[in-house]
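Here's a solo chain for you in structure tokens, the form predicted alone.
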Amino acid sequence: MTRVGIVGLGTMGRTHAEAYQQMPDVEITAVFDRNPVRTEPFASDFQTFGATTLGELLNRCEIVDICVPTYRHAEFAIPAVEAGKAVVCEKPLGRTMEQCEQILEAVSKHNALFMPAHVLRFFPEFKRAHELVQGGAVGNVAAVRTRRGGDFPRASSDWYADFSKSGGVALDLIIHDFDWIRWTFGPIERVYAKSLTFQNLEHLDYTLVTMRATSGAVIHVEGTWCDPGGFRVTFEICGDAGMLEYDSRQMVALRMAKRAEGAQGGGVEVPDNPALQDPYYLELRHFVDCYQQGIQPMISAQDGYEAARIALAAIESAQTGKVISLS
């Protein structure tokens, strides 16, 4: 039985706990939150030990799952790594590049099993689109457009509204897309962004990022916390052999159109409707399997660092009005 401890008992802590509950070879042996009011009811719900300190939790588990707000990731991830634990840490890796570098250094120094929780790679439509692109289904990719967002997220402490803690929509939300884009289309060489983040609008945020990949592909990433109509995710991937489209509000969400032979018209649309599975379960099951088998997870600490680097470059561009080079 693999013993897991969860740090941070908000929405994501509960989401992760519910996923572990479905694993017959995993036991949640301890939970901890800096707000002790949360600990007792959470521990009761999941029939586990409510730790009063991080040290108590570390003594009771093999895997530590970090679900605290972004600005506290390094505060808890580094001691867990130093204690010799396997660590899965919610995205983004850190609030600043300095925090990300500190985590990366600790992981390297202690040769830790560590995974940033970039769950988008486990969403079936995004996983399938990655496989299709890598398999050449759309040919040479020229342009990519992604859109993600809904209304402004709320938390008991309203920390999302504090840019110094959350990093706004660029770091908290569309970092999902930045990681998936790197994974699917390769490294990013430059970033330019426009944003409402610094306009002092209460509980509204929006960012549009234009990027160029080293492959030459032009990529547009849109993130919004201004849409009260419900959460929506879309993407378009255009290549010289066809196009992939995804819209989370469509019944058949993932569609592919192939160009006819000889670049003639009349492309055929092929709907693809992947089976629904809980991506959070798949993500955490993957990490538990890696721990049990002694192998490295598919998402590395370096991947988390690079995704944060893109997000923070977008923030810098939006603040300065300049193109930010990452090469």
Partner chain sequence: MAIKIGIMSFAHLHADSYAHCFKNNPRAELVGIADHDAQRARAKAQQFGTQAFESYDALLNAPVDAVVICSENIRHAPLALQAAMAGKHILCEKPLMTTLEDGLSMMQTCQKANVQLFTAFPCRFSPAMRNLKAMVEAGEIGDLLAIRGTNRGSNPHGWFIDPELSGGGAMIDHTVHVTDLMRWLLKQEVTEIYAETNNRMFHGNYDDTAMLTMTFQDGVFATLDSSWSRPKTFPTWGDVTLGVFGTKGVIEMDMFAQYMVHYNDKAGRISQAFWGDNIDAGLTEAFLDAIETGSAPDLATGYDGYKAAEVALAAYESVRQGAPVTISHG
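Residue numbers count along the first chain shown, from 1. All figures in this text were calculated on a predicted structure; none of them were measured in a lab.
Here the subject shifts to the form predicted in complex with the partner chain, a form of this protein not shown in this document.
Between 117 to 125, 134 to 142, 75 to 83, 166 to 174, the stretch whose residues reach within 4.5 angstroms of the partner chain in the predicted complex through a non-hydrogen atom is 134 to 142. The candidate spot formed by 192, 215 and 323 is fully in contact with the partner chain in the predicted complex: every one of the three has a heavy atom within 4.5 Å. The partner chain is not shown here, and in the predicted complex it never comes within 4.5 Å of any heavy atom of residue 101.
In the predicted complex, at least one heavy atom of residue 199 sits within 4.5 Å of the partner chain.
Interface membership of residue 96, defined by any non-hydrogen atom within 4.5 Å of the partner chain in the predicted complex, is ruled out. Among heavy atoms of residue 243, some come within 4.5 Å of the partner chain in the predicted complex.
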